[in-house]
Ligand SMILES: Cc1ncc(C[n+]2csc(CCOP(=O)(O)OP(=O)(O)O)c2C)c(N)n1
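Below you'll find only one chain, the form predicted alone, shown as structure tokens.
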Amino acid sequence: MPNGVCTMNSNFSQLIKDGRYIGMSLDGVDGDTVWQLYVFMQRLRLLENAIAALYSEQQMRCPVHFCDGQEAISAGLALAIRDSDHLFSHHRTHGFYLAKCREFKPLIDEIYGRISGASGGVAGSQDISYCEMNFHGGAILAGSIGIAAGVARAMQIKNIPALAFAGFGDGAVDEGVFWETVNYAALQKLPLVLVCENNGYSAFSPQNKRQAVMDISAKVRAFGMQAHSFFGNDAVESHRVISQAVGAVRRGEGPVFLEGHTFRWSGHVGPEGDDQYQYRSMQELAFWKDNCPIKLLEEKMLEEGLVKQQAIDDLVRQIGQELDQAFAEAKQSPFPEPVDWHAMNYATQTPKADELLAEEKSSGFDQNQDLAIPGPY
């Protein structure tokens, strides 16, 4: 591996030649599937680019965590997940959202804080949920993993033929709840799929400074759970690994852990970069950008004659038009009325809820006041 590139599993080093990934193969995957993977990645990348370009207008008043450079993992997931499945996301939501919910508009409306958003305009990007599509957010840094396991257990008990998915980054495995979930899921053979986008960093902290053994999949296997590691910028391999693993879970063979090795191009949060803190090298970023998942697949499709450049250009133009319309509509959509936060937080009256409500009201803090409204991030 090139000097300074620390976020790469050594298992993939033989697939790198002169700084480029050479392991992509389309064998056994039909052209329509390859095109679907490519379309998904272009939609996600152009969505991220549009959010970044418009964020400075300050009509979006919530934190945004981008996944540009990581598109291949959620592309593979999108082809394997079903409407009846439940997907739980961490704070870097856009790829997981699109894999489950597909449509731009509910996400964009939510980021703009509009009532037509997936969460009614009160969650924003980081905590977005879209319950009608069985997509759930709002639990940061491994919290969603334990919740997904609980849902998987409930579906198992009730014989509901669906799976629970949890999406997260490598930082989540530093938390105890991750390993508790792995152990319990393996014991109960839960219908659970754990999807780790291992981009090598937890905020500004590199994986090799946090974990003595960086092969997360090997550690998960020690608990008796199936685990698969793959080069996360290869969309075709992502599809192969995820679809085969998910198929095994659907057949009742127990839970699975999927670890895609990838890299985020943007900063940890927000459209502004954070490389001025020098927590990662420019050589590392250049390596991963040169191995862009979209570029790798596009080059392979053109090389094998699966698509012509005109079709790619037409696709990019069509997605751009769709995004333009979605953003224009979001800006014209109404805001939600002031929210009864107590009703939202405590839907069921219980002694504990009543106690918490009494404490909340006695504090004198009004959650609808100006100080509680997110400002520029």
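Please read all numbers here as calculations on a predicted model, not as lab measurements. From 1 onward, residues are counted along the sequence shown.
The next section is about a form of this same protein that is not shown, the form predicted together with the named molecule.
Peer 1: May I ask whether His86, Arg153 and Pro255 all come within 4.5 angstroms of the named molecule in the predicted bound form, judged by heavy atoms?
Peer 2: No.
Peer 1: With heavy atoms only and a cut-off of 4.5 Å, decide whether Ala172 touches the named molecule in the predicted bound form.
Peer 2: So Ala172 counts as contacting the named molecule.
Peer 1: Any chance Gln226 has a heavy atom within 4.5 Å of the named molecule in the predicted bound form?
Peer 2: Close contact is absent here: in the predicted bound form, Gln226 is far from the named molecule, nothing within 4.5 Å, heavy atoms only.
Peer 1: Should Arg92 be counted as a contact of the named molecule in the predicted bound form, where contact means heavy atoms within 4.5 Å?
Peer 2: The answer is yes: Arg92 has a heavy atom within 4.5 Å of the named molecule.
Peer 1: Indicate whether the named molecule has at least one heavy atom within 4.5 Å of a heavy atom of Tyr201 in the predicted bound form.
Peer 2: Although the named molecule is absent here, Tyr201 would touch it in the predicted bound form, with heavy atoms inside 4.5 Å.
Peer 1: Cys292, Leu141, Val249, Ala186: which sits within 4.5 Å of the named molecule in the predicted bound form by any heavy atom?
Peer 2: By the 4.5 Å criterion, the partner-contacting residue is Leu141.
Peer 1: Would you mind picking the one in Lys105, Arg280, Arg114, His268 that has a heavy atom within 4.5 Å of the named molecule in the predicted bound form?
Peer 2: Contact check passes for His268.
Peer 1: Just one of 298-306, 235-243, 282-290, 202-210 has residues with a heavy atom within 4.5 Å of the named molecule in the predicted bound form, so point it out.
Peer 2: Contact-bearing stretch, as computed: 202-210.
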